[in-house]
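Given next are two forms of a protein chain, the same chain in both, each as structure tokens and marked structure 1 or structure 2.
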Structure 1
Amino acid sequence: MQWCFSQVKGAIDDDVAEADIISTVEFNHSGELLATGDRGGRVVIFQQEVDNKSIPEYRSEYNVYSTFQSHEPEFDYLKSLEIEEKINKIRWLPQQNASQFLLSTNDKTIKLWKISERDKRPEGYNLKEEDGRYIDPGTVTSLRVPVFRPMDLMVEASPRRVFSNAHTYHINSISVNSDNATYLSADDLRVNLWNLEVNDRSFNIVDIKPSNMEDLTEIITAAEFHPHQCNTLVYSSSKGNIRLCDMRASALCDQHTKLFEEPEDPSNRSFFSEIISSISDVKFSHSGRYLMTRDYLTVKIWDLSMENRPLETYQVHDYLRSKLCSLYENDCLFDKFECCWNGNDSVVMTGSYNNFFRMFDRDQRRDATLEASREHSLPLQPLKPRRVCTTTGGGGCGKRKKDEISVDSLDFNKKILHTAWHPNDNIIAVATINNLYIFQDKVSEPDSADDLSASDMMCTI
């Protein structure tokens, strides 16, 4: 599969405001809407251009549909803590009627938003003028039936419910259940279950907080519901393991049903082992049979029927293993990379540094390193695979090719933490610092000069 540039959203300025940094990206269930959240507490929704959906070359064109302020900065006077407005996660609810609903959360508060369209307005009130002024009822001599008149399309975002005061620590995950009636929210030590209709109470289903905080050895890093089984959820930890829980077995899911954990190789043990083994994201496959986890250096695919080791392990940027010390000093070692599946679970994608993102084809056993860059942003311009090579030892770069880059030349300030894949099509969204890149697969038959060979796709370091 060859990928082409489609669009880039966001300012070109090198001086990026903190509030403009993208913090989450999410397609809705049909892929027609794409939502982004930023550190300024804003949610921007893009809509797939309806007129172009039937034109393969331009089906990935998205335009701004709605923008609204989801969260504002707050201050917890009881704990003397400032609560950022940054949007940590966005999750769409399956569409039930003409309106769309989504959940957005910052560190403490989750909000349910209704996104609705209005293209008609009522006219002909009996007790109100068109400009809104009220009429004295005594002056009304006849009754008329109000009618709806066409108007310019308005997209309104209105908060339906606010779910707050349930988390002591920062919320890192929200996940909508397959029953479409409940959802979970997870922070460092607890997972809570909410009903979408009830916002004044939640049910604690996982609590790993020890009685003495000095005994704390791990924290919860991500959590998600199974896509089809409303009783099943997983949560990952900073120790690199994943626990699967069944809510039918117990109301409090502290005792897991399954534990997915790979034994550590003692020969690879180092000062950084625990940090790089911490899982930053966990995702069920669409089929519900597999789990995907992302730690600092790898993406792992787990079969729910096999707990003792991952089914597949993909090296994302193993060339950084020799630079862990410097990455620790500049705090990059604590970056939280996300991962995503394609529509049929055959390809997985995750981000890296230097605005690179990685794709792993599970069927073909191929991987590719691609770059999100304005230098290669002509419409339908094919993306050329990049290769990172080391400069140490006999197997170094030597004389570098055009599309090769030395590991010493990587820009660690440019990173892709957030990615999303259209649920039904080969359209992907990739967030750099403050830009959103949209790519699609090449639909026409490539010329022989542009055709990707297996050796081009293989980006073995």
Structure 2
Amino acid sequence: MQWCFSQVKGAIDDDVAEADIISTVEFNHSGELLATGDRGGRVVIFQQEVDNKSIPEYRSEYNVYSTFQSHEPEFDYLKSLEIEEKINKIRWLPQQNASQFLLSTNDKTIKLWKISERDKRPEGYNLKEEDGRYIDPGTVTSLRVPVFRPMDLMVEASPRRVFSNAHTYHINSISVNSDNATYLSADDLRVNLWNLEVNDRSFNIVDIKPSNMEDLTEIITAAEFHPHQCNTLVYSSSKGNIRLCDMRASALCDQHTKLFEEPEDPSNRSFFSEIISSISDVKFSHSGRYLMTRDYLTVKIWDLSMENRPLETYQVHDYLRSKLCSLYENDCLFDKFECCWNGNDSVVMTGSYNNFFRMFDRDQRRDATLEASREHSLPLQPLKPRRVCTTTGGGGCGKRKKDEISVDSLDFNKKILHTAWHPNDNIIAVATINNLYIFQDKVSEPDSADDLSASDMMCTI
């Protein structure tokens, strides 16, 4: 695959308003819609340009389809605390009729939004002018039946359900079940099961809060339902392990069915071991056979049948291992990176610093580092892979090639935490702090040589 820049959305200026910081990115099940949430509580939905879908070079053109304010800042009066409106997660429901539905959540409240189109409106009222002013009934001499006429497409977003007051701690994950009837929401200590139709009740299925808070050693960092088995869910912890629960086993799934944990490598143990082992994201593969987890330095692929160690481990930015102390000082050690699978589970992707993002091809055992930046992005031109060179004892990188950058020059404020991959196509959405980049893989001409030349090996994944 060669990746080409397609579009970038967002403000150009470097002065980033806090409200504009993107906090989540998610494609819907068909890939036609792409939703983003930000710290200001807004959701912006992009739609794939319909006319261009058949033209391969332009198939990844996405335009704004809808935007709405999902959550607003609130105040918890009992605890005297603010509740941020930042959208933590968005999850789409599978489409069942003409409307689209998505769940969006902040720290405390989940909302189900219905996004529907309207392209006709009634015209020809007897008592109302077209602009809404009322007509004096005395002046009406004849009656007519209003008719529906086409109008400019209007996309309505309306909140259909509000699921609130179920979480004492901050919600970090939501996941729609494959049964299309339920979904889970997870906070630091509990996982709740909701029915999409019922907003005043939820079932608690996992509760790791100890009776004595002094005994608390780990918290839940992410949770997800299995893509096909509606009884199976996983949740990850701050200690780096993942628990799989079967809801058929008991009503309360405090006892896990499987525990995925890799024994710690004693040679790598450091003061920060526990912090960097904390899992920031967990994602089932589309097939449901594998599990991907992201901790601070690595991406791990687990086979659901093997609990004692991961199947594959990919180093995202191992050159940071010697910098953990300073990363702790500037709080970067607590960044929560997400990860995602491609449609056929052959490639995984995650973000890094300096607006770099990483891809790992599981089949071909290759990886690539790409950059999301305006300077290096020409439409339809392939992205050049980037390289980070670590300073060796011999006085730095030496002759640094053009696309190389040293570890010390990395900009840790430019972090890519949220990425998403189109479910059926090689189109990816990468969120920098306040911009959304869309890339597509290069469309090869039909008569180009299929065998890879040496230079191609460098550039392709």
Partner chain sequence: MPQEKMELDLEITNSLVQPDGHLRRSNSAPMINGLSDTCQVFQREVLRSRRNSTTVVNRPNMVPSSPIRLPSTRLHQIKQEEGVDVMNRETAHEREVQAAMQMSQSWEESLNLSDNDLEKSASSSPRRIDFVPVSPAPSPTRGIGKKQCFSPSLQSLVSSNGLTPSPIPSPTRRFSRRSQSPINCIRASMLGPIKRKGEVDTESQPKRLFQGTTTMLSTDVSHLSDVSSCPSPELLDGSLSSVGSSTGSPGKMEGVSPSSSNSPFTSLQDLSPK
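C-alpha atoms forming the largest set that superposes within 1.5 Å between two forms make up the rigid core. Note that the coordinates shown come from a computational prediction; the quantities given were computed from them, not determined experimentally. Every residue number counts along structure 1's sequence, beginning with 1.
- By the stated condition, namely the form predicted alone, the first structure is the one that fits.
- Checked against 274, 409, 203, 119, the hinge of the rigid-body motion between the two structures corresponds to 119.
- The smaller of the two rigid parts, set against the larger, turns by 21° between the two structures.
- Shown is the Cα shift of residue 136 between the two structures after rigid core superposition, which amounts to 10.2 Å.
- In this core superposition, residue 146 moves its Cα by 4.4 Å between the two structures.
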